[in-house]
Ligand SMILES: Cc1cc2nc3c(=O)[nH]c(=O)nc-3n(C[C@H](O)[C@H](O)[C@H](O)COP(=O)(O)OP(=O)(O)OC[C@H]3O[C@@H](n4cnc5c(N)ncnc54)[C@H](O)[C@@H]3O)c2cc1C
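First comes one chain, alone, set out as structure tokens in the form predicted on its own.
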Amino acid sequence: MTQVLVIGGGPAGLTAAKSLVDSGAEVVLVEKSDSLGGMARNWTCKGLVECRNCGVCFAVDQAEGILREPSAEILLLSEVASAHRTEDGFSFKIKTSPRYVTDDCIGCGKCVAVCPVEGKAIFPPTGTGRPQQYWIDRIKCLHFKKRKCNACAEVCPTKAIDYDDRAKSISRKVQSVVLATGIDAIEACETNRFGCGRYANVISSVDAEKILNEKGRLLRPSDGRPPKKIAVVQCVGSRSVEFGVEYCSKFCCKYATKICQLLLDIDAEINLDFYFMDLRTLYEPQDEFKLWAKAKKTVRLVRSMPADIYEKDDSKNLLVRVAGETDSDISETEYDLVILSVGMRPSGASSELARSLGVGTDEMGFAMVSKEIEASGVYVCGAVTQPMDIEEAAVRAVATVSRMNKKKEAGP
């Protein structure tokens, strides 16, 4: 039976792993975070009224599916420490960090409720990540500092707390490896524009997704009130050599428009202005969102990039300054909340691990796919290779596994 190591537990890695298992392979899936799902774990379903094909549920379903597969070994909180080629494939050493919570965890949350640490030292999985198993941050946990606090262990109904858990070094030998390390969001504050980090009510699209996922509605960070007038600003950190990356991150418009639709589904009285340079919504017709916006009296599309955003007064409201068709046509509009729709960068494309596997990068920093690298048993798929959304990442992962199977059938 073919053994394959999949690095990355996002939509591409999960889809590749499931496709490999379905084709009869044994899979070892290595994910550095606490759960499966990738960046989509922090995103919220946009289908409050109707399905909007955002793909968030797909990542959850794929995670649950691979966790049920007996021929898939899932290593969370784990990273590949070293990789070496062998005569018939690869030898990997994998470092797995302790979770301090065993598989007996039922996710009841009693441990979190009694944890005395500010900000908590025991956590549920990130967002909608799977499995729903908690973990302890050793750096924050008082048990490891003073050996006095056992609050979570005392309240746990299944005795799932294991303070004696230790880091492990695991060796695995495989015939092939799939690199699917995905993407990282551009930090909105890194652009040093629009008051991010200075004004409480300027948040990134990633922040908005997290709030919607956790609270079920959008709330102002400054006072917890639901905003009634919102600005969404596109291409923050994208399409700019000076402020981020020079390429279009491709999926931002799609998800931003779906966030807008969700916000109006939650509260039809919200006034929303959508600032953009070009509207690129991938597969769905661009006119679909434009027609939706036109039908909503409280939605306004503004084809312009704001010049400045600053706080008005003690209300923590924000003034967005923007130019019209001419430079002399300057206007300012007041908002309760501003969402900066951020782009992305490839994650792990230029890492030491990628280089040790022979994976190179293009001029934009994305991992390159080639017949030569695949001939050596190394396959790369997902958004680490180019900007793409959840759906495209999954489709390309299936195509990658198809090539792997064809190579196996062809033989040496």
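Keep in mind that what you see is a predicted model, and the values were worked out from it rather than measured. So that there is no doubt, residue numbering starts at 1 and follows the sequence shown.
Note that the form predicted together with this ligand isn't included here; everything after this is about it.
**Student:** Answer with yes or no whether residue 183 is in contact with this ligand in the predicted bound form, where contact means some heavy atom within 4.5 Å.
**Tutor:** The answer is yes: residue 183 has a heavy atom within 4.5 Å of this ligand.
**Student:** Just checking whether residue 308 would be counted as a contact of this ligand in the predicted bound form - the rule being heavy atoms within 4.5 angstroms.
**Tutor:** Residue 308 lies outside the contact set for this ligand.
**Student:** Since only the chain is shown here, I'm wondering whether residue 206 would be in contact with this ligand in the predicted bound form (any heavy atom pair within 4.5 Å).
**Tutor:** Flag for residue 206 set to yes.
**Student:** Taking heavy atoms and a 4.5 Å cut-off, does residue 78 contact this ligand in the predicted bound form?
**Tutor:** Flag for residue 78 set to yes.
**Student:** This ligand is absent from this chain, but in the predicted bound form, do 188, 231 and 296 each have a non-hydrogen atom within 4.5 Å of it?
**Tutor:** Negative, none of the three is within 4.5 Å.
**Student:** Let me know the one among 335, 194, 289, 251 whose heavy atoms come within 4.5 Å of this ligand in the predicted bound form, would you?
**Tutor:** That would be 251.
**Student:** Quick one: find which of 65-73, 355-363, 49-57, 368-376 has residues within 4.5 Å of this ligand in the predicted bound form by heavy atom distance.
**Tutor:** That would be stretch 49-57.
**Student:** Under the 4.5 Å heavy atom criterion, name the residues of 1-36 that approach this ligand in the predicted bound form, in sequence order.
**Tutor:** Contacts from 1-36: 7, 8, 9, 10, 11, 12, 13, 30, 31, 32, 33.
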